[in-house]
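Listed next as structure tokens is one chain, alone, in the form predicted alone.
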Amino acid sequence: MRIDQVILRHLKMPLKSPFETSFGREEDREFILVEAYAGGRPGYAEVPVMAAPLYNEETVGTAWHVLRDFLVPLVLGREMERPEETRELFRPIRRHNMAKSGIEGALWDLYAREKGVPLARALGGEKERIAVGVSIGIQENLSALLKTVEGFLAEGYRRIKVKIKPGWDVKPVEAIRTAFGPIPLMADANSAYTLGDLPMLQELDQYDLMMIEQPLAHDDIVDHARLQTHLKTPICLDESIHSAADARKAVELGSCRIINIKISRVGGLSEAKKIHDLCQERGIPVWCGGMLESGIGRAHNIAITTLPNFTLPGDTSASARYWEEDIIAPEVTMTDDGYIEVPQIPGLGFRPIPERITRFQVREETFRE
């Protein structure tokens, strides 16, 4: 496939309700939509950066700059047989993984369409449906939290993830356990704690959590290894894992027993698949994390989750979890028993809706060879 055109679109979509974590509160979701064309055929992907550098170093502005000035010129006019070739093309450019994942993801969609297969099959996935969990942001109070959990359980979600931070940790977990019993439950700290918080983290052990996600610093694997020796609850790493090499080091150090794979955080579907394969070999279960993606990014998450070692429910969720109206048709929906059916048509399996994209668009830029 010869890439003859790339379009970047900056979108801003209002969330159905604010989403709060230990590092901030979002009411609107800003991101970059990437369209790559070969002979008039499109491929789509999403760069789910935040407006501010709070989750990682990237923002909408920096990702746009790196895409426009460095990554797009490397693929424009280039003949490629497979999307994995972008990994070598982009290797000289350090980090900026979310920007890289946008280009590579669009090429994966384009590749699958050209081959006439669903993206999941192009990646080597086998599942026909995937189990779905839900992520719940920090709530106003315990009553609001319990009402929110009750609603998502009624919808059929197969795992509840609750965000925690200092001052909002043991009590919300205890309240959920007391109210709902032995449901699949995990806590996500988004790097909010230090080893000095060990007594509190040990207190969480009594609540039989599936895992505690990224309790310590965003770039740490050493202190996490020390922490894991003091906890019965498995540690899951998120922000610390940017590559298969990071995953290997974390597993060998004993820094975690579970890994959250986010396509955008690791630089694309190809690296995500490498991490999956390594973890499968080492007996480390993985699951797919979310970045409040629109339906396009969500479609990529669905596809990667069809790989066999994604054995835990991810944060994929239905479109209606975050959006009054998504930018794809059909929207992502969930069955009553908490699964998403994997599309069986070529590419992403969902059709972008141009008029909705235009409605949320802030700016666009087109590049041709």
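Since this is a predicted model, take the numbers as computed values, not measurements. In case it trips you up, residue 1 is the first one in the sequence shown, and so on.
Below, we refer to the form predicted together with 2-succinylbenzoate (OSB), which is not included among the displayed structures.
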* **Residue contact check: Glu213 to 2-succinylbenzoate (OSB) in the model of the complex, 4.5 Å heavy atom** => yes
* Is there a heavy atom of Gly295 lying 4.5 Å or less from a heavy atom of 2-succinylbenzoate (OSB) in the model of the complex? -> no
* State yes or no: in the model of the complex, is some non-hydrogen atom of Thr148 no more than 4.5 angstroms from a non-hydrogen atom of 2-succinylbenzoate (OSB)? => no
* Report whether the minimum heavy atom distance between His276 and 2-succinylbenzoate (OSB) in the model of the complex is within 4.5 Å. => no
* Structure fact -> Students should find that, of His224, His96, Arg113, Lys262, the residue having a non-hydrogen atom no more than 4.5 angstroms from 2-succinylbenzoate (OSB) in the model of the complex is Lys262
* Name the residue from Ser270, Ser240, Thr233, Ser135 that puts a heavy atom within 4.5 Å of 2-succinylbenzoate (OSB) in the model of the complex. => Ser135
* **2-succinylbenzoate (OSB) in the model of the complex: contacting segment from 118-126, 182-190, 204-212, 150-158, heavy atom within 4.5 Å** => 182-190
* **Sequence-ordered residues of 311-333 touching 2-succinylbenzoate (OSB) in the model of the complex, heavy atom within 4.5 Å** => Asp315, Tyr322
